[in-house]
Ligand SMILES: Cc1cc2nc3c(=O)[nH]c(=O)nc-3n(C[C@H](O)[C@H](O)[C@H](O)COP(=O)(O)O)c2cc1C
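Okay, so here's just one chain, in structure tokens, the form predicted alone.
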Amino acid sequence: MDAELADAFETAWRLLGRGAADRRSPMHTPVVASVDTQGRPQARVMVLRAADRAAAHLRFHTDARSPKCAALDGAAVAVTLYHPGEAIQLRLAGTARVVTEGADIDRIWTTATEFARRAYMVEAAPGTPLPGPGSGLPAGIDGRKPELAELVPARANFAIVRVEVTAIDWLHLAQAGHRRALFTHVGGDWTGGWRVP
């Protein structure tokens, strides 16, 4: 890659890494799009938890009982992020995998705060109808940090969505003229080229 192209690639991964690490980053909550099991398009905002450049992976957390898990596991996905301060849009393509078991998942679970793990204590699957507004959490859990013993059953509801990134469409918006590049990941190597914005 030429120097400018390499800089665009570096910028993309820098912004992804910052988005995963900083909850105030505009890239912390991208839109993840897929097609559901009935062939209908679905898009949802998810929290970016990790961006691993070396492995070309993104990581998100979700409830294993959510209908999106069936739609995402093994599916082609698109992830869209925008950073207004940098005037950069990233559109990533890849394949999603839903993972519920393993030492890596257990480590991620145990390092999350009790408040973060509380979300997986909901008594029914996400999307289940309720008679009125509510969190779905067991009585007495709303508004307080759960005890570690209360969180034990919630571990079964925790899953990660790992997206293997196969392409990054990088777009920089500028008054002097927009710039666009496409990077593809094949066989462990990244290649890139400029595109018309």
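If you're wondering where the values come from, they're calculated on a predicted model, not measured in any experiment. Numbers for residues come from their place in the sequence shown, where the first is 1.
Keep in mind the form predicted together with the ligand is missing from the figure; the text below concerns it.
Chemist: Name the single residue among Ala50, Val47, Ala56, Ile160 that comes within 4.5 Å of the ligand in the predicted complex, judging by heavy atoms.
Modeler: None of the other options qualify; the answer is Val47.
Chemist: Ok, Gly134, Pro67, Pro153, Pro41: which has a heavy atom sitting within 4.5 Å of the ligand in the predicted complex?
Modeler: Only one option qualifies, and that one is Pro67.
Chemist: Considering non-hydrogen atoms and a 4.5 Å limit, does the ligand approach Thr29 in the predicted complex?
Modeler: Yes.
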